[in-house]
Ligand code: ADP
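The chain below stands alone and is given in structure tokens; this is the form predicted alone.
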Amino acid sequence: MLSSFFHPKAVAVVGASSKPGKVGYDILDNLLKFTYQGEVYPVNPSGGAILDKKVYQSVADLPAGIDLGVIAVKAHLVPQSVRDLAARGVMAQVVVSAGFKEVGGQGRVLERELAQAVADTGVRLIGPNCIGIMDTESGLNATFAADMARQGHIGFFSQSGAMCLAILDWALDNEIGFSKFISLGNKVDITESEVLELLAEDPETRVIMGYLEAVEDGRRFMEVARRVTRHKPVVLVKSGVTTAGAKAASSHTGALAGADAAYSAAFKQCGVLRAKSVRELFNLAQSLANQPLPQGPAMAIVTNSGGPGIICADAVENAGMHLAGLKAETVEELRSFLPPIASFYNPVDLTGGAPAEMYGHSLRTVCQDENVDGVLVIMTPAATVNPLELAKLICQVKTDKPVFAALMGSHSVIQSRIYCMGEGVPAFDFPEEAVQAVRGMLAYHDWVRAKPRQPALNHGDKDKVAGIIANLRSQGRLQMSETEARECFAAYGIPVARSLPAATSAEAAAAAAELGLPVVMKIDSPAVVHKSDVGGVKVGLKTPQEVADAFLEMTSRVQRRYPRAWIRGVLVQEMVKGGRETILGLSQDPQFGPLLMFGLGGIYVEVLKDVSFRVGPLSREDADEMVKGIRSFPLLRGVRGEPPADMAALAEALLALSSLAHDFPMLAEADINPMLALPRGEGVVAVDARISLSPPKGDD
């Protein structure tokens, strides 16, 4: 049925208007004035004719055989219009009308009515509150945009109609074409996941590009995206990246996750390339749509200026790629026609007097070098080179390697850049943008070549954890005591430091003697989340008297701070020596589910924010990447003669936490901070543990 949206034999416009400037007029006009060859039927109670087309006074009067209905009536009339079209057999519908949940209040009620109409009739619907859809192959323009997209191979979708209009306008001026152009609006029925599937099957679409504000079903989105990105690249820009307005979280993990970490992690895990800006979105999509993927990270630079060549070389290295070492035969070939003052190595500097023909010869020579995976051509405006002639020569080079042009400047090179874009050669203002596009293409190449990842789930003691959770539920508690949290972690194979509970100072001294002095003492109360903030942790207690005194001081201090808190007593814990402090965490993301975190731990974690995230359940590769993905990873690897931390054990602990979260989705948040990573081969030890539950649901 989704094909009816883009290749309909006939289209009905419900709410067609005779007044130019009205949405109903513009949609009808766009359907008629471009290359769409199907029938178009306007509907308006006034009847008559609009743009030489007979107007039908009601949907019931329409002929049979209409595939697509476009609705542009007032919001309160939309649900009935959907039902009326369905009764005439029109099962693909686009609602451009606004006035739904985006305005709140009565709009939300109307959107629920619209959703019910969709459910009752079985229609498939795009919108409401969208600008419509285009298909450049069939010439369909069922939008109120001011123009028609150029034909190309980028399938674009957006949740924002305003972004659609702005992007279309910019693309027209820059010779960028699209296969399909889809405005999703409020997504009352068809969502981004279904659009991904649709564009994946579209033979005219080589690259899928989109603007997202939120996803409706994160798990389904990841499932679809993993499948789609194996065959076509998906490039998305996601707005709403700050934590402004986010609900405060009580755990380190929840506080650090913010509003955006889950999206970044999910995109990475399902092969979606995330652009940080609309410009980067276009740069990467245009490159992927028109250039072959680089087969490796070795780049060559051809330039007429040393400075930009050096800037580009720095950008290549900073992006994790490197300059190709040119073969001796390539260097000798370059010597045969370049001036003696040129640089024959990489970057190949033709000097400022190089004409366009010299660029073309150099580019062909470098592309033939087996050591080169891709070429970046840089030109700064000079009297000796004709920018448009150069652009034509670049586009004429036949090669199976990606070629990118950085035509620097503005006035003298605008037409050259537009020419390159029209011929499928990505052209940029500056070298750094070109390098950014290459890096994205290489990341996609690596994703496609990599073996699909599988969740690595451990078999923990489910009965043990289920019993602890049931006990909490029976007491009406959401926060586990540290003892309960430690038991849950241990049930899934996470090593925990030995500890004993103590309800009196004498019990504390006896526990210390059993564990072996020195010891650590921690307050044992579900009400105290961050113990060190209220003096609830004592380290290095060396004698029984110190232990007894610490018990009295700690419990009285915390009782004064939390007079209504239930304080069981303390935990006396063995003092683990050595190791790097790390943190493992879990929070529940509303779209994607369990979000796992890893980073350097201790009291500074929220200040340094050196953490990595992934959506669970984790694969073994995910866990390894989380450990290696933090900025301070060299500290775990060992510096200045220090032994490396047991990174394999850290990865196993992450997999265990992932498995625990998978088996018990009611776990809202969890922290192990610190998790001490001992030297390689000696494992890890959880020193502090915290788990909280979500409020109970019917299926808990």
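Note that residue numbering begins at 1 and tracks the sequence as displayed. Every value quoted in this text rests on a predicted model; they were computed, and no experiment measured them.
Absent from the display: the form predicted in complex with the named molecule. The rest refers to it.
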Answer key: of R439, K531, K238, R206, within 4.5 Å of the named molecule in the predicted complex (heavy atoms) is K531
Looking at E574, D369, E625, E194 here, can you tell me which has any non-hydrogen atom within 4.5 angstroms of the named molecule in the predicted complex? E574
Quick one: find which of 441-449, 533-541, 103-111, 224-232 has residues within 4.5 Å of the named molecule in the predicted complex by heavy atom distance. 533-541
Is V520 one of the residues lying within 4.5 Å of the named molecule in the predicted complex, judged by heavy atom distances? yes
Find out whether any non-hydrogen atom of S658 is located within 4.5 angstroms of the named molecule in the predicted complex, and reply yes or no. no
is_contact(D610, the named molecule) in the predicted complex, heavy atom dist at most 4.5 Å: no
Consider L676 of the chain shown here, and say whether it contacts the named molecule in the predicted complex, taking contact as heavy atoms within 4.5 Å. yes
Stretch 679-696: residues contacting the named molecule in the predicted complex, 4.5 Å heavy atom cut-off: V687, D688
